[in-house]
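Let's start with one chain on its own, the form predicted alone, as structure tokens.
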Amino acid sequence: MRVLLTGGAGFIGSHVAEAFLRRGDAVAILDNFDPFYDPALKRRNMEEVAASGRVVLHEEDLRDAASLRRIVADERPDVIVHLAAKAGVRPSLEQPALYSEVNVLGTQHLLDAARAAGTPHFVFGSSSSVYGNSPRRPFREDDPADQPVSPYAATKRAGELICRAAVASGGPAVTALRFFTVYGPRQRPEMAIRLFATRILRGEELRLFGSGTSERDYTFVSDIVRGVLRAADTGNSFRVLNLGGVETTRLTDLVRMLGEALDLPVRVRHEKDQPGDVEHTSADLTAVRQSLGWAPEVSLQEGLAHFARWLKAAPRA
């Protein structure tokens, strides 16, 4: 299978790229090495990806519609896996227009290029943030998802809607995957688990926003990768599917478990809630089990232990 993967130099994307390469697929990556965090980390990811097989790299920006059309036409992918985006809830509060430009307009450009090239299937990396502070738990794909609490969440929901419109107007089949708090090796430096772990290793105090009672589904990256590959293999019209973790975990319990995985003491200071944060996430996985035969396999305890081993061995950056 021929795969065009956007954001393939990033955290999740680099693992997805390796998985496609290991099973013998032809992979082309599109990434602009955005400086949201150190691009050198993404270059390092690409070096590890290249060890799994030959990969073509296009250093282009999603906002360049002409370049996207040329790349998609040249690569002739069987599936586009679209993981590139401006990431982060809190930064989106400061730059909402930029997030819309990249995440919404960029996705539209890519869908237009896919339609022009006759690409049959498109996998869109969405987010559990689209549910906002939904009162119903666990979150189901048919929930309204119409009350986002951050510009980032709004752009991801908008991306899902333009994907639906693209299908209705003759574009590729689309699978939109709502990722629930992904963690694991290569996790971005500003994401909570890696940020907390780095501070614990340095003997620094952790700043926890809110009372610590917030809850999340934490999903290990290998489980996400399995879901992405299964979605890429089975396109059918338009569908939205949750990819969530084994269990829903309170923030205070996450911090305790992370300290245990690192075998180090943890010091905590509580601060006021931050705008854009949601109180809980919890994934109903009924639809994805039925559609893809997928379920998470890695418990939080197991995943944190694996992550801790990787972080201790990783070059400091």
Ligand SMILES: NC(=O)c1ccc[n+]([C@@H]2O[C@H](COP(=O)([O-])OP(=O)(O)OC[C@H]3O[C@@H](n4cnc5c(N)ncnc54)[C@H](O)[C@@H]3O)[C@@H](O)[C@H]2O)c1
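All residue numbers are counted from 1 along the displayed sequence. Predicted, not measured: the structure shown is a model, and the values here were computed from it.
Keep in mind the form predicted in complex with this ligand is missing from the figure; the text below concerns it.
Problem - Whether Arg216, Asp253 and Gly303 all lie within 4.5 angstroms of this ligand in the predicted bound form by heavy atom - result: No: none of Arg216, Asp253 and Gly303 comes within 4.5 Å of this ligand in the predicted bound form.
Exercise for the section: Please run the contact check for Ala232 against this ligand in the predicted bound form: heavy atoms, 4.5 angstroms, yes or no? Expected result: Heavy-atom contact with this ligand at 4.5 Å: absent for Ala232.
Practice task
Report whether the minimum heavy atom distance between Ser282 and this ligand in the predicted bound form is within 4.5 Å.
Solution key: So Ser282 does not count as contacting this ligand.
Exercise for the section: Determine whether any heavy atom of Ala85 comes within 4.5 Å of a heavy atom of this ligand in the predicted bound form, and answer yes or no. Expected result: Flag for Ala85 set to yes.
Exercise for the section: Evaluate Arg157 for contact with this ligand in the predicted bound form, applying a 4.5 angstroms cut-off between non-hydrogen atoms, and reply yes or no. Expected result: No, no contact at 4.5 Å.
Exercise for the section: Answer with one of Asn32, Thr249, Ser291, Ser67: the residue that has a non-hydrogen atom within 4.5 Å of this ligand in the predicted bound form. Expected result: Contact with this ligand in the predicted bound form is made by Asn32 alone.
Exercise for the section: Select, from the options 166 to 174, 122 to 130, 206 to 214, 72 to 80, the stretch whose residues sit within 4.5 angstroms of this ligand in the predicted bound form by heavy atom distance. Expected result: Within 4.5 Å of the partner lies stretch 122 to 130.
Problem - Stretch 1 to 24 - residues with a heavy atom within 4.5 Å of this ligand in the predicted bound form - result: The stretch touches the partner through Gly7, Ala9, Gly10, Phe11, Ile12, Gly13.
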